[in-house]
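As C-alpha cells, one chain now follows by itself in the form predicted alone.
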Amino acid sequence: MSSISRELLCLLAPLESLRSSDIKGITSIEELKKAKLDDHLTQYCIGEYKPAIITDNLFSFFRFTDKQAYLIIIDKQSDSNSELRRYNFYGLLDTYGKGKIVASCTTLSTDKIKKSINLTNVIITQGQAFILELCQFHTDYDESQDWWMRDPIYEIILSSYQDSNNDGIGDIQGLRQRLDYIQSLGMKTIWLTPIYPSPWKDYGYDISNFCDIDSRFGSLDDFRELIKDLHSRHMRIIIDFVPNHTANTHPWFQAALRNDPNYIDYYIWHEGKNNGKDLPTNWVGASGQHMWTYSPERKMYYLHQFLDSQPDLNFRNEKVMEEMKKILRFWLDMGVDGFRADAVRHLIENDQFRDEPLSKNAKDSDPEVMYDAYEHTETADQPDSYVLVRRWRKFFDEYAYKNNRDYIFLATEAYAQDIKKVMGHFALNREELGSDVSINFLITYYLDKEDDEKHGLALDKQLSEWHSNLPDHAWSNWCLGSHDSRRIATRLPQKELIDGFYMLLLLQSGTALVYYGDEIGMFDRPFKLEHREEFLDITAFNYGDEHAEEKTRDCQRTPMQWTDQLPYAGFTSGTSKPYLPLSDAWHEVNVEQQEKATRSHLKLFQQLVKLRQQSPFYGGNQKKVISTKELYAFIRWLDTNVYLIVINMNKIGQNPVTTDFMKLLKYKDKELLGEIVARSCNVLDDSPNGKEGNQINLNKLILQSSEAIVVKLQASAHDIPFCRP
C-alpha cells in the first residue's frame, strides 16, 4: 500500500462544503482549489458526503452510497510530542461498526492492513491520515478488539462456584475444572468478583492487599495458570477493581493511623463538629452506618461510604491515583483483559462537607441507617468521579498501545436511579471516552416492583428509558441480576417467564452480563433470623434485625448447583460444609439434569447465545413493535435478516394473547410468514409454535401465558415498512 498526503485526502470532501477551520493545520481551501485529485483516490469519492468528527485536532468525513461507505480520517496535529488520541465513530453512519484501511498517508505493515478497526475505538497518533472501508460488525469479527461486544460476560463469585480442596469455599483450581462447562455456555469472558486478600467483612470488597490473591482461593501462581488456561481457549478474564476504599487492615490505613505523613492524606479525615463531639456531617452510607467513624489514634473522624472497616481513599490526592495505576498495571502485566470498576458513583465527595437533605420519596426510611432516606447531593455522582473513570480509560488505551495489547475493557458499576447519572460514565462526547459498559440495571429495577406491577407496559418503560437516554456513540448492555440483587427466577411473577427474559438479555443490542447460575434458573435461598449463624453478610444487621432478612445479600450468592447428588450438589465433597448453604431447590435445579433433559432453561440459553453471534443480533437494528400489559415484542433486522421476539407477560392460567403482527409491521402482502427459531420451555411440542423450523402465520400469532418465541421472518427488511427510518 503506497502512502498519500493528508492534503490530497482533503480533496475527497466537496470544496463547497468545507470551512477553512475544518482543514486548518493541514492545508487551505485556496491550496485545495489548485490541487488535483489523484487517480487512485477517485474510487473513494463516491455518493454522498457527511461530516464525521471535526475538531481542532481532527478532520473526518464519510463518502457513501447505499451499498458502500468510506470514512476518511485526517489528524491535524503537527507536534511530534502530541498525545495519543482516541475517537469513537460508531453510530455516525447507519450500523457500520468496523473499517479496514485501504489508503494511508504512511506505509503500513501487512498486519495493520489486514486488521480491521473497531469504530468505537479508533486510535490516532500525530499526523496520521487514512481511509477506512466500512463494514458491519458481524462481517469482520476481530477477537482482539471486539471480544467484549459480541459474546456475553459471565460473572462468577469464586467462593461460590467450585471447591477443589474440600474446605467448603470455591477456589481458582475449582474454576479451572469448570472451564469446559463455561465454554459450553458460549461464554468467552469471565468476570471475577474480588479475589484479593481480605478480612472478608464484605465478601472481599474490603481489600488488604490489591496485588495478591486471597489464600482461601489459591495463589498468584494459580491465577497465572488460570489466565494461561483461559487464553489458550481464546477466552478472556475481567476482575473487579475496587478503587473507592481499602480494608482498615490495609498497610496504607495502618500507616495513616500511626500519623505517617506519607499516608495520612490517602484517606479523608475531619475533626468533627463541636470540638469533635459530633459527627462532621449527617451523611449515612450504603451499608447502614453513618459515614464517619472516630479514630482514637488520630483523634479525628475518617470517612467510609460503606462499612466502618472500609475507609474511603482520597482521590484528591494524586498519589492515590498513581497507586491505582500501579495496581492496574500489575494485573495487566499478568495478562488480565479488563476490569469492572466497583462503586464509581462514590469515588469523590464534596469537600465543603455540607449535610445532605432528606429524600421526599423515602418517608418511611429510618434516616439513622437507610441510604435511601437522603438525597445524596454531596457524596454521590460528583463531577470529579466521572473524570476519574475517563482517566482510567485513557490509561488503558495508552497501556494497550505501548504494549501492543488487545483491547482492555472497562465496565463501571453505578447503582443510580437517575439514568443520566449512569449514562455519564460512558463519555462526554466522541473524544472524551469513559466506560465501555456503564452497567444497565433497569431490568433489575423493574424486577423490584410488586408482582402485579410486573407487566409489559412497566417493562417497556424501563427498556425505553435506557434506549432513549443512551448516547449515540455508546454501546448498550443488559443484565438480569448480579451479586447485589436477588436472582431473577425468584423475582419473576411466574418462574416460566425466565426464558423470555433470556431473550431480552441475549437478543437485544449490546453486551450481555450474565450472573452465574441464572442460566439454569437458580433461585434465592432465604435466610432467617432463627438461623442467625447462617448469615455471612454482616451488613444486613446494620439496618436492625427487623430488616436483616430483607437486606442480606447471602440469598443470591449461594453455591453453584452442579448435580442432584448428595451431599452438596457437586460444589464440594462431604468433608466440609459449603461456606453458605445451598439454595433449597438444588435437587430440581442443577446443571446435570438440565444437560440431560431434551429441553431445559440451560439448553435454550445456549441456543440463544449462539444466535446472538449472528446478524442482525450483533450490531443490527432494533425497534419495539408492541407493548401492552400482556405482551412485549421487539424486532431485530439488518438487510435481509429480520427476527421478531415476542413475550407473553401473563401468569399461567390466563387467556392466550392473539396478535396481528402483519398489521403492526405494516406489511402489505396477503400474509406474513415466519419460522420458529427458538421457544421457551413451556411452549408445548404439539402447538403451532412447538418446534424449531415450524412455519407460522404472523397475521394471527397466538401465545399462551408466559410463553416466548423467536421468529425469523420470511421477508426482507426492505419489504417491511416498520423497519424503515
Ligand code: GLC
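Sequential numbering from 1, following the sequence displayed. These numbers come from a predicted model, not from an experiment.
Another form, the form predicted together with the named molecule, is not on view; read the next lines as being about it.
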Query raised in the report: Though the named molecule is not shown, can you say which of Ala416, Val625, Leu447, Ala343 has a heavy atom within 4.5 Å of it in the model of the complex?
Result: Ala343
Requested in this report: Note which of Ser583, Ser159, Thr281, Gln310 lies within 4.5 Å of the named molecule in the model of the complex, where distance is taken over heavy atoms; exactly one does.
Outcome: Gln310
Query raised in the report: in the model of the complex, which of 477-485, 68-76, 505-513, 268-276 comes within 4.5 Å of the named molecule (heavy atoms)?
Result: 477-485
Query raised in the report: Would Arg557 show up as a contact with the named molecule in the model of the complex if we use heavy atoms at 4.5 Å?
Result: yes
Query - Contact of Trp392 with the named molecule in the model of the complex (heavy atom, 4.5 Å) - result: no
Query raised in the report: Quick one: is His245 in contact with the named molecule in the model of the complex, heavy atoms, 4.5 Å cut-off?
Result: yes
Query - Heavy atom of Phe527 within 4.5 Å of the named molecule in the model of the complex - result: no
Report task. Scan 528-553 and write down, in order along the chain, each residue with a heavy atom lying within 4.5 Å of the named molecule in the model of the complex. Result -> Arg553
